[in-house]
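Shown next as structure tokens: one chain only, the form predicted alone.
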């Protein structure tokens, strides 16, 4: 069986940048957000690379990347992402920050997926990040799946293996560093990826040139998507507090040090 794999993924500020929350006219935002360099959300990146690897190994399979974000920023990011793996891009022009409502984002993504003409939903594998570097709610992919009527959903996926009988074996993260291994008879299904098992692919200029033939027109005809958090009032937004307590000691047994650390954590 061939697969039609749709990856949902947006852009986030480069994690190496210093992010400072501020209150703007529309509510919370990041200081100089439009000036910050952006990257593809790392969780979505893992999903995209896993999708491309699966499509490469299963004949006649195809990959789409559906992305909601400011199209000017998306164009910059896609100049790099396009060189990684083959895919077709579907663009929604709208905000991609961490202060948007998951349900609104999911509704627009589901509508965009529905509008893909050549998509066969009987072959659909819906990929995305289990979490997000901008929000981390873990809700968007689940809601998209429900809107599309896909009830076989797997979250925290690290591995997806096609079997000889046409089924799929899924490895999901569970507590205690263990995996839940499931057997899926076939599509459609939703997969929220953790880190997967693949490294970031090297740049391939030929793949980049092939992708850019379709990426630029997709960005130019991007549909506007009004998403936000209407009706939600943010009382405050701040960076997580950092706490550091250091003592230099000598000749203390390791067991005493460990006990003191445990007591400090419990306290």
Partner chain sequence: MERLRTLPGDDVRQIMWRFADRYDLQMVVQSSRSIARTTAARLVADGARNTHDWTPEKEELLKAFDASGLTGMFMEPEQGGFIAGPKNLAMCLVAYELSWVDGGAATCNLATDLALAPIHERGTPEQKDYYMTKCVPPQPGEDREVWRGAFALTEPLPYVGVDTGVVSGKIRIAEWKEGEEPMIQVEKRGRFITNMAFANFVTAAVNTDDERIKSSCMVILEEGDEGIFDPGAPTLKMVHQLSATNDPVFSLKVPASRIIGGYTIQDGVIVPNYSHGEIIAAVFQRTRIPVGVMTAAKLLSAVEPVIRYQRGRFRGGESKPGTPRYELGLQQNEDANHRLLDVWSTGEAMASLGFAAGRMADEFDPIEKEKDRLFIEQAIKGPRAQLKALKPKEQEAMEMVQLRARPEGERDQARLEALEADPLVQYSYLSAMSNVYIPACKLWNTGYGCQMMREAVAMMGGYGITEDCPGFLGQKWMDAQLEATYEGPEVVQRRQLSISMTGPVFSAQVTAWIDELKRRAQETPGRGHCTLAAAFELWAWTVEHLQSAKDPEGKPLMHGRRQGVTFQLADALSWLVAVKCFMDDIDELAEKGQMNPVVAEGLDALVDFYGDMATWQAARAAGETGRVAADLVFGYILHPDCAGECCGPEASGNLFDGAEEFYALRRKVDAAAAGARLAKDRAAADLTKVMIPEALDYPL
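Residue numbers count along the first chain shown, from 1. Bear in mind that the values here come from a model prediction, so they are computed numbers and not experimental data.
FYI, the form predicted in complex with its partner chain isn't displayed, but the following is about it.
Self-check item: Triple contact flag 125, 185 and 194 to its partner chain in the model of the complex, non-hydrogen atom at 4.5 angstroms
Solution: No, the candidate spot makes no contact with its partner chain.
Quiz item: So which of 73, 108, 159, 121 gets a non-hydrogen atom within 4.5 Å of its partner chain in the model of the complex?
Solution: It is 73 that has a heavy atom within 4.5 Å of the partner.
Quiz item: Counting only non-hydrogen atoms and a 4.5 angstroms cut-off, does residue 153 reach its partner chain in the model of the complex?
Solution: It does not: once its partner chain is placed as it appears in the model of the complex, residue 153 has no heavy atom within 4.5 Å of it.
Quiz item: Is residue 226 close enough to its partner chain in the model of the complex to count, meaning some heavy atom within 4.5 Å?
Solution: No.
Self-check item: Residue contact check: residue 247 to its partner chain in the model of the complex, 4.5 Å heavy atom
Solution: Residue 247: no contact with its partner chain in the model of the complex.
Practice problem: Determine whether any heavy atom of residue 80 comes within 4.5 Å of a heavy atom of its partner chain in the model of the complex, and answer yes or no. | Solution: Although its partner chain is absent here, residue 80 would touch it in the model of the complex, with heavy atoms inside 4.5 Å.
Quiz item: Hey, which residues along 130-162 are within 4.5 angstroms of its partner chain in the model of the complex, non-hydrogen atoms only?
Solution: Heavy-atom contacts to its partner chain in the model of the complex: nothing from 130-162.
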